[in-house]
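Each of the two blocks below gives one form of the same protein chain as structure tokens; they are labelled structure 1 and structure 2.
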Structure 1
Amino acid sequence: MLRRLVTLSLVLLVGLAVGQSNPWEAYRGTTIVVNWPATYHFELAASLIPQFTEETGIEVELDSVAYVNMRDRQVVEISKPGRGDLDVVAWVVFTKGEYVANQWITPLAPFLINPRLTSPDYDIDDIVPAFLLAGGKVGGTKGYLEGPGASLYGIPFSPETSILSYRTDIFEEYDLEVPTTYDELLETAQFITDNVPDVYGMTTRGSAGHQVVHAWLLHLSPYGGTVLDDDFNPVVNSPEAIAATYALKTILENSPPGMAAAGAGEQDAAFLQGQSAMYLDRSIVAAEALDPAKSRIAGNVGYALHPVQEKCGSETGGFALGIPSNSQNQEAAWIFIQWLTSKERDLEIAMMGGNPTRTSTHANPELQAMYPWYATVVEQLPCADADWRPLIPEWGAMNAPILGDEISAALTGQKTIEEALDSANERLRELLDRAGYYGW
């Protein structure tokens, strides 16, 4: 490792000695097209692109879309034979397996090993391991966990884990203890709904499809459940999964009216606008709570660990950046990804209120002083569950069409929870059988 660092440093020093202040001068004038979601973190990152162009000479054309439409937009381009129109894509972590299986994205090792493309200061070991695994690695145990066969395809960008955000003013006024277990969480939610005027205990997403599955997964891991066992057998009707679903039902009953049809935006707004007292989901809402254009609760929000039940287990989600296999500007694309996920940029975006990727950024004292929830996130990260959902190519067919359908039926009373989860388990088994998981 020391020899590599010395070699890389010499390469950059030689460039400076001959008057080349930009080690990527050869790419000046190149234009890359970047497709990513129109979300808060990426809006912050977009503000830095003029600085990137000034430093590297590489022009960037942004293609920002609603994240629910992002996969469809990307697949049209990255599946094209020959040249595609996108050079960098930001995928939601659960589409990574599909992209790799279809050979639509390129491995990053050739870029990382090239001293003319990768700075010796990049320090990939500083990226939070759970985020790097969820967003960027494929090929280890079960095909998506860590292991000797794992290869890197993407760098996490706007990764997520879950913490509990809560209204400190309400908790102080009613002398409430911050919940540490799900039993306490559900009891506190019910108390607030019953006793605090015009405020509900919690907020959740409940819209059929991906949104309600996300909400369910938030509770499945802490209850000790998982979607698939180590042999890829679905176990979504286990006692743990049933208990997690009852917990979600109770949370929904203690959320503002209409949350059964809500997505992430509506869930966030219910907390930010003061309609609910607790929010158990993405940590990014903590930054949005400080924005007066979005929030009525600034100065009245506290942060705590994701409650436990059978174990601690929080989300590993968000996005990652990678390079389509049919991009004609792959090296310039890597320079962009590297620059945007460097230590300097990661801290800069976090200081603006974005989601950091790196361990050093989360632990930065100045950041923690400015945004106190990062001390909670640092404590939460060891419990970020790499098997929070199975990141296999079939997840898209498992997610909304099966789990989303059945969980929604359970929450709306069309089926009992047990009936819905038994049906989901059977349908998942049939799907994975057709995909070849049990033919060995």
Structure 2
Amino acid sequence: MLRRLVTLSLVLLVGLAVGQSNPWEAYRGTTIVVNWPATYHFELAASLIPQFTEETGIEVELDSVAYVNMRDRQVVEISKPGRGDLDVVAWVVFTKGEYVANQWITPLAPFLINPRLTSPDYDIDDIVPAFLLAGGKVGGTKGYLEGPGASLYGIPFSPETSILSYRTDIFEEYDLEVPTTYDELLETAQFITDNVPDVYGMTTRGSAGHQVVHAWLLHLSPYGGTVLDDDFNPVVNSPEAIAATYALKTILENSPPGMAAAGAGEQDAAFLQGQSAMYLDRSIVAAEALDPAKSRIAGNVGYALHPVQEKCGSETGGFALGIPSNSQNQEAAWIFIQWLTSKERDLEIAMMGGNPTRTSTHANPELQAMYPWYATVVEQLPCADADWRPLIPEWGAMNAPILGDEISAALTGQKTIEEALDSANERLRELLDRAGYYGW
């Protein structure tokens, strides 16, 4: 009896102590359902969920799905009229337009301005601006960027940008300068292919569809090109876009054979196996290059800024977290998103090997000591181009079916680059015309 009393009072005491430190006590016992992809970063985040439940008392039911099935799974739930079953969803940046157009996700302002819900330490200004725009903002003049009409719908989570990773051993042996412009990049790539035995200058994705478009976009922004102009006219046959496509073609020619059919996995493998001397794509490859189990080049990798040509510009991609309009637990959902994207958690996830969202995390000296490429990423971030691709609802139909088809045809010699881009431009125009962009 005495023992039970002691136990009971201990439980009460602990309860009180936690209760005092928990500003969200009112939501204790709420259960939220979270749907996100089963990728490495999200698995790291999932390992923090017990800690979240302990601190806030909010239970989390995790619905972790394969990335390719994620959107379909979400659409079924979040398009339901009335009560939905999902409270937090992750989306890949280019689905945000579609979700907002259908009113499936809710603006975050009501939560952000509620002093009882959002901690003064949350500091949303600390989130890398380009990531916040690309992952979370919808509205504005362009529809997917900042502007007087723009609202915030999501907080970036597992965002990414591009830097140049290169083999320090090869660069030292052949006394090469690390390229800072595309002209130097292409020249160095050609030199390595010609002179270093069994090593190619670069590696790239190239398979028809969204893979080759990703590779192309990486070069389009530095060459000063865009997919659409400010009036939604396609301009993929502009001189800048043509130059970027020629650059991609040179990069492909200086990559190991068969990369015109390669996806991201094959692209990464060529660098990690030591067949390619330079890698220009997602910064995340740096983490894999450190891992001797995955990489033959551990210890021989250096990092540099994404080369510039007309301007500097690197990728903005990855995911964001938001709240479905039909969620019944929106406040608790926001508490979860806020907690997971807070400064402490962002750093914690980054230290475990995830992709940070915040400027302060990128600049953290401890993190930079552990993962040397973050020093380069910090320098790269001001150039991360939130307008890297037009994140309008039609992007899915523009991306793989049209651009992916024409650029691949140009790279494999079925069409000239000029013919392919002219044809792509015309097809994009027809598509956007059907979608109603020119009906005014």
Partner chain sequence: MRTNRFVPYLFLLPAVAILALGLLVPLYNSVMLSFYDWGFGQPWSARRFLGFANFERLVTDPTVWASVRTTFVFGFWVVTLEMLIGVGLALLLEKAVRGASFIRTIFVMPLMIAPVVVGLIWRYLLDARNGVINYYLTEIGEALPFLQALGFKTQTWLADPTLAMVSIIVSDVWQWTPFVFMIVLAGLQGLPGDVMEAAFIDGANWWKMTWHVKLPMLRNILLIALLMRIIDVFRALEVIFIMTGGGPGSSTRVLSLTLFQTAFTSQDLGYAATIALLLSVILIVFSIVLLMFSNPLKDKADF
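Note that the structure is a prediction, hence the values are computed from the model and not measured. All residue numbers here refer to structure 1's sequence, counted from 1. In this text, the rigid core denotes the largest set of C-alpha atoms whose superposition between the two forms falls within 1.5 Å.
Of the two forms shown, the form predicted alone is structure 1.
Shown in the overlay between structure 1 and structure 2, fitted on the rigid core, is a CA shift at residue 299 smaller than 2 Å. For residue 27, the Cα coordinates differ by 2 angstroms or more between structure 1 and structure 2 after the core has been superposed. With a cut-off of 2 Å and the rigid core superposed, residue 373 has a Cα displacement that falls short of the cut-off between structure 1 and structure 2. If you overlay the core, the Cα of residue 338 moves by 3.0 Å between structure 1 and structure 2. Its Cα shifted by 4.9 Å, residue 62 is compared between structure 1 and structure 2 on a rigid core fit.
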